[in-house]
Structures are given as structure tokens and as C-alpha cells.
Ligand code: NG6
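Here's a solo chain for you in C-alpha cells, the form predicted on its own.
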Amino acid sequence: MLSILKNAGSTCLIGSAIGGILISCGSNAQKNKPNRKPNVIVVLADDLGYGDVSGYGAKAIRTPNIDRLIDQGLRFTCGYASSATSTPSRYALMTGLYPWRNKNARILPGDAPLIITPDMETLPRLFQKAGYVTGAVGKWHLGLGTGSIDWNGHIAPGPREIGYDYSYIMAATNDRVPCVYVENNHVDNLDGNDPIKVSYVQNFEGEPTGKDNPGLLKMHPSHGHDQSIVNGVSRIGFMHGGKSALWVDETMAEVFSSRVKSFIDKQGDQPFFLYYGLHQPHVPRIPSENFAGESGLGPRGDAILEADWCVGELLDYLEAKGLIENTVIIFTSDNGPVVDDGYKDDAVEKLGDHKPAGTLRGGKYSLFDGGTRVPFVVQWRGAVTPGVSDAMVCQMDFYNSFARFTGQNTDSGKDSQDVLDAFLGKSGTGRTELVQEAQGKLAYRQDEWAYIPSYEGAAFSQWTNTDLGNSPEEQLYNLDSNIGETENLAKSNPSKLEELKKRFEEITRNR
């Protein structure tokens, strides 16, 4: 069955076809490319909160390019990462599996082995089977190699071994060594006469650290982040050599953006899947001079403006190439926000009335909803009707949803659910439940209810000023009536508490 959808300058026929979704657009840009499979791009911001986007209600900062996605796409009010930290949520996105099922899916050091084994079924491999060229550009943070990496040779396994035809990545995060780009299986621009050495145990002789040489720093740590100095910033871990390959923080956005454009340009008429991992607004927040001081919120706000620019560059390029109407674009974030995450960058002092998590409680590292509920937008011009959806969806659901999208079997045995109809705006119903993870601890969301088991530990982080969700008492919240999770209903509604607790224990029993 075909349906006809119209937008400015084009008419599209959308329907089922053997092998997946069929699309034929009548715009000038697409008229000579009938029935081409739609491209798919996932843009994943880093530490961007539910309240950091003007299209989600932010007043102190404007994100016009992300708002372009929202205005012409479907904005989800209940879109989730699986986890409140980076590595676990990326693991879930790539594999369709809850990260807490893998004990290695935790915040990784920069020299950690790859935690997705090459024999696993992954999201990029799913697209490869459907005839797509696959690419990964930007932040990785899923590990590389098998445990002893030679940064001067062939680095494997990595993105290629789990389904990416092309990759241009940072190994971990911008606050961790090694501070180099890895293209496919090799460090980019490496001088063989200046080999790289990396350690997370001890420093190398003669290498200055931020702890002992604060005068060499242009940005100082607030906690941790006081080891090897690269580009005037001390990082986590120790590094020696590789001077020609070191990144410059101020140009990182431009470097990744250019690689995204190059990947798209090389595909011609071949459909592609692209994972674009933004590094903003993760620390250290050192945007280009075009954005430094522009937000009024300090480097964190400036980094958000730079991330928004990256989105704008992507949209403009797709439009210029005539691909925008045949490309599904998903924009989201790996976890909730954090303001002070290890550097003295005025983010706290200049925050003002801005609320990075919006009306939500918690943020990065938190079991509260602010840790995992994030901006989540799907745009497919002419096919997805712009609007707002309250359907509960998760990045983990990409696997089974795009399996059906590409005409493949969705009975994968994964935790991913097929919510394709919700992603495409054909249904207001998504998943009904989700187990959320934060630093190894779990919480549970079912419909409008949130359940947090009793946990030992600090309720509030003195380092990041985040409500972590730890409490000796069980917690129960109705998010429809109390989205800020301030009224614990565990004692006043014991039947609902027991109902959710029982289901939560059923799901997590074999953890």
C-alpha cells in the first residue's frame, strides 16, 4: 500500500517493498534517482541536556539549527538514552542490548579494549546487510583493540570490525589520552619517527602534567584531569610522542564536519548509514574562536552553539547535494547534562537561570530522569509529519526498528524494540517500559511511573552538583503529575510500588 505525502517542491510515494522502505520523490533534486533507499544519519551529542535546546524550551541559549530539525521533524518528549553516562549508552545504541548485561560497558579509559566483539550483530552491520555503506565520524568511546594497543600500527578490532566501512574517530573522549584521530585502523598524520606511548598507570619521563605544571595550562582542572598536557589542557591519562598527530581542540568541530561531508560526497547514488558522534558539550569545552564568548553562558554554552553549527553544516550540505528529502536524520544525546565535569571553565559561574535538564531532576551520572531523558528528534522531510510525540522511545530501539525499516527480521533476541511506527510518526505508542542505568545502578520506567530501588551512596555529587538518585528508601514517582520527581509516592501507593518492583526484578534477574 502506498501513501502520498507532499511538501514544498516535492511529492513522495512511501510504501512497503521487498527489502525495506521504498521512496520515490518528485523534486528536481531527486527526480532522476527513483526508488533509492533512504539514507540514515544518527547525530549523537555528548552531555547535552533536555533543557539545553531552545526547541525544548531553553530561553538563555538559542540553537537555531537543531530547531530546524525540530520544526521540520518529530520532537519526542520521552526520548531516552539507555544510560546516564557515555560508554554504556553508546553500547546500547550500537548493539540493541541493555549495557548492564555487559560488565565491561562502563566509562572506559582511552586504552580500553573494544567492548563490542566482532561476532556481535550491530546496527551498522544491519545496514550493511541491507546494501548500505556505513560510516562513523566523531566520538567513539567503545574501546579499541584487544587490550594492548599499538597506536603506531594497525589498530584492531575497531569500528571496521563491527560493521563500519569507514571511520574517523577519537578513541575515547576529548579529556582522555591519546589525543589523536584514528582513521579506519590507523592514527591519522602520525610520524613514524615519533611513536605514541599511552599509559593510564604512570607518566613517561620528561612529560609535564597539569598537577605539577599549572603554569603551562590555558584551562585548569577543578577535579581530576591533571595528567598529561595536550594543547594547553591537562587530561586523564599519560601520553608521550605523536606530536604531529595531536588534535587541536579549537578545530575539532571543523575536522569532524569535513569528514562527514567527505563521507557523504563519496557515496554517490549508494545509500548510506552515518553515525556522527559530536564531542560537544563534553569537557574540555574549547570551541573555535567563532563561538568563544558568544553564548554568555561560558565555554559550555559556547560549545552548545558550536554543536548547533555542526548540525547546520550537515543540513546545509544535505540540501546542497539534493539529499535532504531522502535522508532520515535522528538527533539525540548520549546522556543528560553536567555543568562542572572537571575543569574550571566558568560554566557554573555563568549558568544564570539556564537549566540544562529543563524541568527534569538529575543529569549525567543520575538515576533520576534527567540522567537519561534527552533531546530526541526524527526528521524525514515529506515522510514524517512535523509535530510532537509523547511516545516513549530509546536509542537502543534503533536496531529492531531499522531492521524492519530495511526489510529484515526484527526477532533478534535483543532488548531493542520495534518502535518504527513511533519514529515515523505513524503511531503515538512506543515502548511501555525501560530499565535505566547510571554508573552500574538501575532504575525502571513503566508508562508514566518511575521506580528507583534503594541504594547506598551519596545522594548528591560534591564534584558535579548532581542529584544522583541514591536513597536508603525506595522511590516511586508519577512523571505525568510530577515530572521533577520531587514527591515520593512509595509509601502512599504501596501496590503500585510492588507492581513495578516485581516487574523490574523479572527483567534484571539474570543480570
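Note that residue numbering begins at 1 and tracks the sequence as displayed. Just so it is clear, the model here is predicted, and its values are computed rather than measured.
Quick note: we don't show the form predicted in complex with the ligand, though the next part is all about it.
- Contact with the ligand, judged by heavy atoms within 4.5 Å in the predicted bound form, is confined among 205-213, 422-430, 359-367, 91-99 to 359-367.
- Exactly one listed residue, out of Thr332, Thr134, Thr173, Asn400, brings a non-hydrogen atom to within 4.5 Å of the ligand in the predicted bound form: Thr173.
- Gly224 is the sole member of Gly224, Gly312, Pro113, Pro271 with a non-hydrogen atom lying within 4.5 angstroms of the ligand in the predicted bound form.
- Annotation: in the predicted bound form, residues Val260, Glu319 and Arg381 none come within 4.5 Å of the ligand through any heavy atom.
- Within 4.5 Å of some heavy atom of the ligand in the predicted bound form lies at least one heavy atom of Asp341.
- A residue is said to contact a partner when one of its heavy atoms sits within 4.5 Å of a partner heavy atom; Cys179 fails this definition for the ligand in the predicted bound form, lying far away.
- Within this chain, Val283 lines the site of the ligand in the predicted bound form, having a heavy atom no more than 4.5 Å away.
- Mapping the unseen interface onto this chain, Lys139 counts among the residues with a heavy atom inside 4.5 Å of the ligand in the predicted bound form.
- Shown without its partner, the chain has no residue in segment 475-503 with a non-hydrogen atom within 4.5 angstroms of the ligand in the predicted bound form.
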